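Only one chain is shown below, in structure tokens, and it's the form predicted on its own.
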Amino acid sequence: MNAAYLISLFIILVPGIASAFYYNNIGKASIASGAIVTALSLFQFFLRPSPGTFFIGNITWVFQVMVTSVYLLSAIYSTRYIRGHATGIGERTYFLLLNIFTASMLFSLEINNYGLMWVGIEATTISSALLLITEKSSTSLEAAWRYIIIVSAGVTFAFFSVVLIYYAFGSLDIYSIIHGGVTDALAARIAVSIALIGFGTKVGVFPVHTWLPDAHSEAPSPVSAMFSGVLLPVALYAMYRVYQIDPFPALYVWFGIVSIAAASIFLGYQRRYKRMFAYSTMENMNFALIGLSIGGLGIIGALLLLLSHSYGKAAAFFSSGNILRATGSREIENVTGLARSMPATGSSILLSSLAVTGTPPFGTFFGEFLILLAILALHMYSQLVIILVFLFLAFVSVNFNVSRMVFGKGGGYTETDRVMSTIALIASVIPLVIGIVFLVMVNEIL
């Protein structure tokens, strides 16, 4: 085994190894695990294994950095958030499941086999569903059951897609299939089409998105951050790897547009801030889906959008957790005056809402801009107009509500935990840093 292979293997195994500390500071072990796999993922930019057991291209590397770094932030946040509130499952079991959940996502990203990638995606369903019931409310139990039933049905369709891939190629090796050309055009096209619904169930593609707002709003905030920040992008990655076999842009782009429109309309009448951010995630994921589908500049834009969104949406849910702890309310109308009473959380939720709605100069803005340029270059004018209209609607819906929460009269709350508010603030600033770095790099190139 060479060093590059061992690094890839350790990235998957380290979260599992942290689980061995179940009876001895598993929370601290999870933080150490997050720091180690984040460092290894960053280092892997310079040292990657040749395609074999693992396939880690540039796209995979970006997703891997997203998962490991958001895992680290969530682990640190969880040590304070979960304490005394893990009534459905114990605190140690919570961290055990969080580590398994992360390892499953990393396995899905790295493995060079469509069948095993599907197994990894299915494993994320089991571990994340159990995390949903951490706080053991009746609504969280209902959300967990709905999540299991709907997503399992979707992943079953994804399995049929994998079967068709094997029928067409006699192999499930991702790298060789993507670079080898289409063998059975009909079977491959059907596999790509089914994958849109199969993996799309977990991405949040309309109309198979219905589990998403319930799961995100009822899960503990650090789990919601993992859901929105990295689980949905990992499912999108799996869908994209299938899509690469025989691209079908017309189908994928229109499903993405319809999903953006639906999410933007749903955003207009949300009363709970966590559900609002859940629908915002649906809008962002489908915009990234469009970028990946049209290729070229759209892929760069999608990766920039997803990377920036992962931190921005994690910050939004971390901030939501702080607000819920301080106010005891999930309702938007019951939260006001955060700028005065909870300045750190008020700043983080404001920055994160600006980030996830594509406000310049956040990285999400430049990602969306590149995707729109790619759409324009393909002369997809009607699609461009529709997307712009609903992006504006989503922008107004989210930022209007958050502005009332931050700058409205009232308040009288206090920050419940300095570590939690600091993590939320750090995560909210990262998309801004990404945008500024991108802007500087573009200026230097030009």
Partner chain sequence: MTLIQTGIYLIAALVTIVAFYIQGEEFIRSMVRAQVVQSVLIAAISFIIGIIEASVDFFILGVLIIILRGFLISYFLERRIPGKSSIKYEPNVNLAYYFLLDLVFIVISVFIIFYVVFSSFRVSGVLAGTEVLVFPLALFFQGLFLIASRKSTFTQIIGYVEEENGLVLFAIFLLPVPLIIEASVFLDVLALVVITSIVVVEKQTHEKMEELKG
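No experiment lies behind these values; they were computed from the predicted model shown. Residue numbers count along the first chain shown, from 1.
Quick note: we don't show the form predicted in complex with its partner chain, though the next part is all about it.
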Exercise. In the predicted bound form, which of the listed residues (299, 373, 339, 123) lies with a heavy atom within 4.5 Å of its partner chain?
Worked result: 123
Exercise. 130, 344, 332, 261: which sits within 4.5 Å of its partner chain in the predicted bound form by any heavy atom?
Worked result: 130
Exercise. Counting only non-hydrogen atoms and a 4.5 angstroms cut-off, does residue 217 reach its partner chain in the predicted bound form?
Worked result: yes
Exercise. Heavy atoms within 4.5 Å of its partner chain in the predicted bound form: does residue 115 have any?
Worked result: yes
For this session: Although its partner chain is absent from this view, report whether residue 234 comes within 4.5 Å of it in the predicted bound form, heavy atoms only.
Result: no
Exercise. Hey, in the predicted bound form, does residue 271 get a heavy atom within 4.5 angstroms of its partner chain?
Worked result: yes
Exercise. Any idea which of 321-329, 362-370, 133-141, 75-83 reaches within 4.5 Å of its partner chain in the predicted bound form, heavy atoms considered?
Worked result: 133-141
Problem set entry | Joint contact, 19, 47 and 179 to its partner chain in the predicted bound form, by non-hydrogen atom at 4.5 Å | no
Seminar exercise, completed: Near its partner chain in the predicted bound form, with a heavy atom at 4.5 Å or closer, the residues from 383-416 are none
